[in-house]
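Here we start with a single chain on its own, the form predicted alone, put down as structure tokens.
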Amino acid sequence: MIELTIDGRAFHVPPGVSVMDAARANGIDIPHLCYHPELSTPGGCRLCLVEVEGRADPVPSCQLPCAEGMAVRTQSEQLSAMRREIIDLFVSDHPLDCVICDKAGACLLQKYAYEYGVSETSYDKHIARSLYQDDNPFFVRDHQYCILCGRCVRVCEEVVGASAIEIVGRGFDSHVATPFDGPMIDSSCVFCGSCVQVCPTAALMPRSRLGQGREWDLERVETICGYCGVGCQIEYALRDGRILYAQSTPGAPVNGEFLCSKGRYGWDFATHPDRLARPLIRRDVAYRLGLTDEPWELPDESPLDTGEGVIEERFVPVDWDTALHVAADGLARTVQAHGPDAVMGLSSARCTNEENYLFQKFMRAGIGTNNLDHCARL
């Protein structure tokens, strides 16, 4: 272990850890825009500069490896002045419409401009990037808010492996683009939304999020994604009970901050009017069990061929204990009357490996049949 001091406090860290990571691991916040803990460190924004004893000039902490006996200072008058100047430069090429911005409350540039008292730029204002691209059903790209931190480019290349975007052009003409600035659908983008997740400003925003309130207006609910058995942690942002967008959370044990396209954008089923909220039993079965007083007979067409209002006519909602009892009783009677090979089991790719193991064990050892299949198609 390496021993160093940060702001007068001594810490022990493993070799190879950067000063930025060591500080964050011990509750010390160093301002940053281009840095992300799960991406490479270009050191481009220069907000994370720190002073190191024995060195003449400040150095970026995201690229500075810890060394034995190193003494680091993250706050000083010199550092504050340098960071204020850097933010001033960013603001000179960035709209200051925070009062109507959907990202207000979750924008890192807004956060640091507030902390360092930069309410307007001291330079000539010039918004170099004005392109607004609304070319896909998942997110919009508003280039006027882009600060060219490169997070989106790096996550697309390093985590997703799609390399769908890159920073092109020079000087004020620099911007994040697909090949030949074509529509996103014509690129290698897989629409996972990881770029939206890591964007520190409002340059990339979920379409479903626009015009739906500020970040502090939204309720947060953490759960586990149900699309497969990986068990990714997911956080839903809600307004008045409606899901606005989904994202992961820092430190999620399985997936980190990243999700696939299904987990990030496939949540509309949660509030779909046709979603089943309770178990249902066919009316003729419910009548035989005494769960309803209305007799009913099977129609000529399949009772599963439902339309508007048909579900209520053909099925009776029950509680889970009743539904499980009916299913177990029917399974047991079938096996007793016709043998274990009269039934089969179909497992689900949305279950965990452990749940699927228990299911096949139940079918083989409990029921006594090898009639078992698995639907791994999502």
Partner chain sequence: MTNSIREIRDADCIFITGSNTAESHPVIGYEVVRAARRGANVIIVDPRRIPLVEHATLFLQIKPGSDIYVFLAIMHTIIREGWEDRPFIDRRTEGYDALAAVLEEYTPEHASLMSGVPVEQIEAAARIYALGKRVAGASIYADGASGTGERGHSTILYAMGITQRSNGTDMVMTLANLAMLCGQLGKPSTGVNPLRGQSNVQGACDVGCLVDVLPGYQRVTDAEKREAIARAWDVERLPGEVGLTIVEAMHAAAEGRVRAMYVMGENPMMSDPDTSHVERTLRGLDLLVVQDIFPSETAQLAHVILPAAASLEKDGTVTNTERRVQMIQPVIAAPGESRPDWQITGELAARFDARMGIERRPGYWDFASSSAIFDELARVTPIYRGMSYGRLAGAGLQWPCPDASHPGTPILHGETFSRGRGRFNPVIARDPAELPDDDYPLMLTTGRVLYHYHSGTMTRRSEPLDWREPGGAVEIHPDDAAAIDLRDGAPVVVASRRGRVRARAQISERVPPGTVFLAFHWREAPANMLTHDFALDPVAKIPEYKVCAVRLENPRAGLADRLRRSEGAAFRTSSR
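Residue numbers count along the first chain shown, from 1. In this text, rigid core is short for the largest set of C-alphas that superpose within 1.5 Å between two forms. Remember, it's a predicted structure, so these values are computed and weren't measured experimentally.
Just so you know, the form predicted together with its partner chain exists too; it's not on screen, but the next bit is about it.
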Which one of these stretches, 252-260, 89-97, 171-179, 142-150, sits within 4.5 Å of its partner chain in the predicted complex when only heavy atoms are counted?
-> 252-260
Which residue, L331, M70, I28, V59, has a heavy atom that falls within 4.5 Å of its partner chain in the predicted complex?
-> L331
Find out whether any non-hydrogen atom of R282 is located within 4.5 angstroms of its partner chain in the predicted complex, and reply yes or no.
-> yes
Should F11 be classed as touching its partner chain in the predicted complex when contacts are defined as heavy atoms within 4.5 Å?
-> no
Its partner chain contact at R278 in the predicted complex, heavy atom, 4.5 Å = yes
Is the gap between G345 and its partner chain in the predicted complex 4.5 Å or less for some heavy atom pair?
-> yes
Quick one: name the residues from 211-228 with any non-hydrogen atom within 4.5 angstroms of its partner chain in the predicted complex.
-> V221, E222, T223, I224, C225, G226, Y227, C228
After a core superposition, would you say Q63 shifts its C-alpha by at least 2 Å between the shown form and the other one?
-> no
Rigid-core frame, C-alpha of P14, shift of 2 angstroms or more between the shown form and the other one = no
Just checking, between the shown form and the other one and with the core aligned, does K125 shift 2 Å or more at the CA?
-> no
In the predicted complex, whether the C-alpha atoms of A277 and Q247 sit closer or farther than here (change of 3 Å or more) | farther
